[in-house]
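So this first bit is one chain, no partners, the form predicted on its own, shown in structure tokens.
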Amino acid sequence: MKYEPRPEVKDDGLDESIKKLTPEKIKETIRFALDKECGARLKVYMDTCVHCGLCATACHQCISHDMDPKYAPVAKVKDTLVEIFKKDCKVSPEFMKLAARIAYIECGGCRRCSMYCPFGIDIAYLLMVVRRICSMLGVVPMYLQDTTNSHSVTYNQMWVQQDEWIDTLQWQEEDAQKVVKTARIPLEKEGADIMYSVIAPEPKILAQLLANAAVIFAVAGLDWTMPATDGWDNSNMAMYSGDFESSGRLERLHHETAMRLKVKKIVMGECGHAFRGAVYDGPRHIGQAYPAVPVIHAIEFYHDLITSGKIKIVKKFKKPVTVQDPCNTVRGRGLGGKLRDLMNWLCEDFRDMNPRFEHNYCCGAGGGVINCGPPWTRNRVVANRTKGDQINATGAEVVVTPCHNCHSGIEDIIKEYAPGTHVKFISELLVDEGCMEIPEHLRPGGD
């Protein structure tokens, strides 16, 4: 079979940045990363891999490219780290451009391949080492670097200013009160049980989800708050660009904000990569094994509210529904069972994907891939025909995605492969579709 070469894509973050590199700078930077930041873990993985290729059948990119071997996870390592070791770090600027494309665009760090490796090698970690090197050299896709810059300047990924943040919460509180008259978004409430944490796309482009949260909290009668200061955004795309210094600063502020407010736990909105940043990778960038304040994801939160009776389900969504398993909460946290409980409680016609749970395919948007922006959208969609096939096989009209990256990624996929299908968050089923009971006395005009 003849395989097509990689299509040319113009990205100034790669094309222009490599013009500033010298062989000496590249070698010095790689040597520092390998000698000072990596250790036995990297050596064991590199020495253990036997290049068997079993990981190829696990990768949605490889499958979607008709098993083109250059998209196999082992090939991505061979074409990056193996070459770096083989050439004793003496690689060219053009090599670093290709390495960046492989690490940022052709791998989202979903870790599905590691489940099929007979030795359990964490291939995502190996390619994150490549991203780290690229970040230190400044060879990062332009849009992803812009997102990281936004984190560094504003502590959120979408340049939301503090007054804009507060203003958005105020008008979303007003919208929530049209549904539940007692709904509030309490700011800076010290000693509340819960700090609710979201990602920057919510105030920027999906503000209605903040109103949905206020409705859910009000009906459940919970004691909660949100910060009025920086530290509210938990998305941490710097973690994926390889800028671990900025990643650590973000997570430190996020958790210090929760500690300043003296809350008992952080409840995180429907986002998987943010959960990974707050619970796994982020704390390690500041030398902590675990978050300073306990964190639970929206999947766990909604499940707890329903099983405890704090909210009641009064009707089921009638259209055929399937669900996407976010890699970082299902493969990474094991929440697939609770997610299925929610789907069965909320949906009359739930149709599961095959494969499912931790074996489900990545949406192809996570791991910072979608944040690499419009230059790479077509590349990303072509690389996930597999997910389009999965969705179509269910016959579902709606895909529920409890993760912002999955939501946006699957929107792109269904435009290409499953037109007529729609995407929803769980909170939209609970509030907008009326699956959750809103007691009459809480409704506007109710007694």
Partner chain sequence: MPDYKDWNWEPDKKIIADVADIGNKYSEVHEFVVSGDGEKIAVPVKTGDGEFTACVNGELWDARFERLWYPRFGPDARLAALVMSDDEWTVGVDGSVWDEKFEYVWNTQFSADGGRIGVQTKKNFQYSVCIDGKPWENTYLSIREFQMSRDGATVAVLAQLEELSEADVFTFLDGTWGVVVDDKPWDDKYMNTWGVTLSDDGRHVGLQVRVDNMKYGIVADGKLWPEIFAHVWEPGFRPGTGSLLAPVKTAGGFALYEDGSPIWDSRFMQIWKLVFSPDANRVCAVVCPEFGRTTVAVDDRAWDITFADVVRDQVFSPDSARVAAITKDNNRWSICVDGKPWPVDFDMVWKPAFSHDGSSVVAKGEQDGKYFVAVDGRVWNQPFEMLWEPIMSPDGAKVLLRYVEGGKYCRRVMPLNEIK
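These numbers were taken from a predicted model, which means no experiment stands behind them. Positions refer to the first chain, counted from 1.
Not on display, but discussed next: the form predicted in complex with its partner chain.
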Sole residue of N344, S308, Q161, N354 within 4.5 Å of its partner chain in the predicted complex, by heavy atom: Q161
In this chain shown alone, the residue from H359, R184, K204, K87 with a heavy atom within 4.5 Å of its partner chain in the predicted complex is R184
My question is simply whether K20 lines the interface with its partner chain in the predicted complex - judged by any non-hydrogen atom within 4.5 Å. yes
Using a 4.5 angstroms cut-off on non-hydrogen atoms, would Y290 count as touching its partner chain in the predicted complex? yes
Going by a heavy atom distance of 4.5 Å, is D243 a contact of its partner chain in the predicted complex? yes
Find out whether any non-hydrogen atom of G332 is located within 4.5 angstroms of its partner chain in the predicted complex, and reply yes or no. no
So if I measure heavy atom distances to its partner chain in the predicted complex, which of the stretches 255-263, 115-123, 313-321, 67-75 falls within 4.5 Å? 255-263
For this chain shown on its own, do N156, E174 and P294 all sit within 4.5 Å of its partner chain in the predicted complex, going by heavy atoms? yes
Of the residues spanning 132-148, the ones with some heavy atom within 4.5 Å of its partner chain in the predicted complex are R132, S135, M136, L137, G138, M142, Y143, Q145, D146
